[in-house]
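First, one chain by itself in structure tokens, the form predicted alone.
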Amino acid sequence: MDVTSSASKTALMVCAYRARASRWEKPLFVDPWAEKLAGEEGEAIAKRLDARFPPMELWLGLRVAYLDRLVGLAVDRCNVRQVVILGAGYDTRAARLPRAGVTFYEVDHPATQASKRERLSTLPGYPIENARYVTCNFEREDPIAQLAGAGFDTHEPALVIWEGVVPYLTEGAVRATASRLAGGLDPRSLVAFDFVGKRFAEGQKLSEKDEQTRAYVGELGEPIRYGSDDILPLLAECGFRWVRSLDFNELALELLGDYKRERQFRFQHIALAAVRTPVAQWP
């Protein structure tokens, strides 16, 4: 079986952007595995998006750096010992951010996960044993049940990183997964995910560049389906009682020291959600 035929193309693209961001003069993070994981295919996909949305590399760099920081904060401040990468794609945090006593669980569709593991097998020195790999067809299987089957403890807190997934789901799927996380995880757990604005998701009154970006992602087989201008009501209805949201302009100002309106980062957000107020202050 050709496991790459139905594996995520956008995940390869993200991997290529991580490789580029690692080569910045002052990188916010370094991923030594990303370039080879992405390969020529991932870089080609990224290059075609560059013409449509030039800030994409910067946006991905900010997203990865911020979520990386959350891993350290969860471990150091909240004694979290379980990190779940939900919809992992070609994530390398288990290799880049290992911590004694911390278990990383990578959860993804079987095709994408098989493609990743095949690619990892060609990278000498990659610590593939640093993660537990959990397959999940999200349309038919319960991710919490799949995690528990791999040794995940639902009675201990976890950090769930749901990166680069929510925009590609229907609202029903976002609600179902968020509700399952709120009800199935230890209430001390924290969920972090990115999402786009409603207008972009629905293709309403977009600039020419935004229309091209949205169309291109759809051509890769993963169309944008869900967006929100206020994620709090949905998360509250799903069972979360503590929610924080920030846009990427705020991240750029903090991590890069600048603000440029033309990037349109104000339409793209990261949300943090918990059933119980975290004991530590979260950025």
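Position 1 is the first residue in the sequence shown; the rest follow in order. Bear in mind that the values here come from a model prediction, so they are computed numbers and not experimental data.
The discussion below concerns the form predicted together with a small molecule, not included here.
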Any idea which of 105-113, 75-83, 180-188, 144-152 reaches within 4.5 Å of the small molecule in the predicted bound form, heavy atoms considered?
105-113
Counting only heavy atoms and a 4.5 Å cut-off, does the small molecule in the predicted bound form sit next to every one of 22, 66 and 252?
no
Contact with the small molecule in the predicted bound form, heavy atom within 4.5 Å, among 94, 174, 165, 159 goes to 165
Wondering, does residue 10 line up within 4.5 Å of the small molecule in the predicted bound form on heavy atoms?
yes
Does the small molecule get within 4.5 angstroms of any non-hydrogen atom of residue 131 in the predicted bound form?
no
Applying a 4.5 Å heavy atom distance criterion, does residue 269 contact the small molecule in the predicted bound form?
no
Should residue 273 be counted as a contact of the small molecule in the predicted bound form, where contact means heavy atoms within 4.5 Å?
no
